[in-house]
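Consider the single chain below, provided in structure tokens and representing the form predicted on its own.
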């Protein structure tokens, strides 16, 4: 049966992630090939409401696959926090005669997509978040590049740590899930990994460093810590007292706090490097470009087949399947104990 969809909207929402432009490019080019008009929604949901929407042409998506960020720009929005917001979004979409929408984003974005789909508008999600904490997909767009950046930082910082007999603490992103910290720890050989899923004791950290230095004769160490990690005594509290547009506490600084505690307790020279947005702004590595292509291609297939209310998810073995948004929203994919054990043993 021929699809009734003539115009597809594309929106990028939430934090930017490497590979987002590859998603936009694939969706637009699929539309061009099918005789469908791709429409870009700029500045996320707030841009939709303000009417910052226009038809995309081939030059708009030419040569963007290798670039970081998103040509549609992104933002965190409070839209969909009130009961009448889905209808407000539908009315805005109707102004441009859009028949379907591809939502490229993380947990908040897919929650918005689910609300819109429940209200009767065809929506399909593409998982995009460097935190890799979306249920329903083995991997999210942007995660692999973020891990590569963190791993490269560990490799580089090891030289200065060894040269100055320092403990180098590296803080990476990860509010609720420590996927970046764990995979970078394994790949980069960090000596200690600290993540939100496992509360830790500062005394245990100090003892592990003592054993490494005094028993094994290593005069430097590398510690990687996710921004949302917390010690059991809650002495290291990275919540800064301010909140973002979604009302969540802003994080940052737990690595610096840990470095200070190491110096205070052990008397060893310790420094912290916070990678921050460097994890987001790198050019996407090839695996992220390929993942973005596969997921976005399937997302268009689902829309054209009338299969809204789903997210394109990567499954074990490399296949893509349609995951109902209701099975994604309100859940969090966290690091398993078995996987964390690899960072503990092989870091």
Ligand code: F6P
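Residue numbers count along the first chain shown, from 1. As the structure is a prediction and not an experimental result, all values here were calculated from the model.
What comes next is about the form predicted in complex with the named molecule, which does not appear here.
Partner-contacting position among 184, 195, 130, 167 - heavy atom within 4.5 Å of the named molecule in the predicted complex: Checked against the cut-off, the match is 130.
Selected contact from 229, 112, 102, 173, since only one has a non-hydrogen atom within 4.5 angstroms of the named molecule in the predicted complex: When the named molecule is considered in the predicted complex, the option within 4.5 Å is 173.
Heavy atom of each of 76, 277 and 280 within 4.5 Å of the named molecule in the predicted complex: So, yes: the whole triplet contacts the named molecule.
Location of the named molecule contact in the predicted complex, chosen stretch of 90 to 98, 174 to 182, 197 to 205, 158 to 166 [non-hydrogen atom, 4.5 Å]: Heavy-atom contact with the partner occurs in 174 to 182.
4.5 angstroms heavy atom contact with the named molecule in the predicted complex for residue 15: Flag for residue 15 set to yes.
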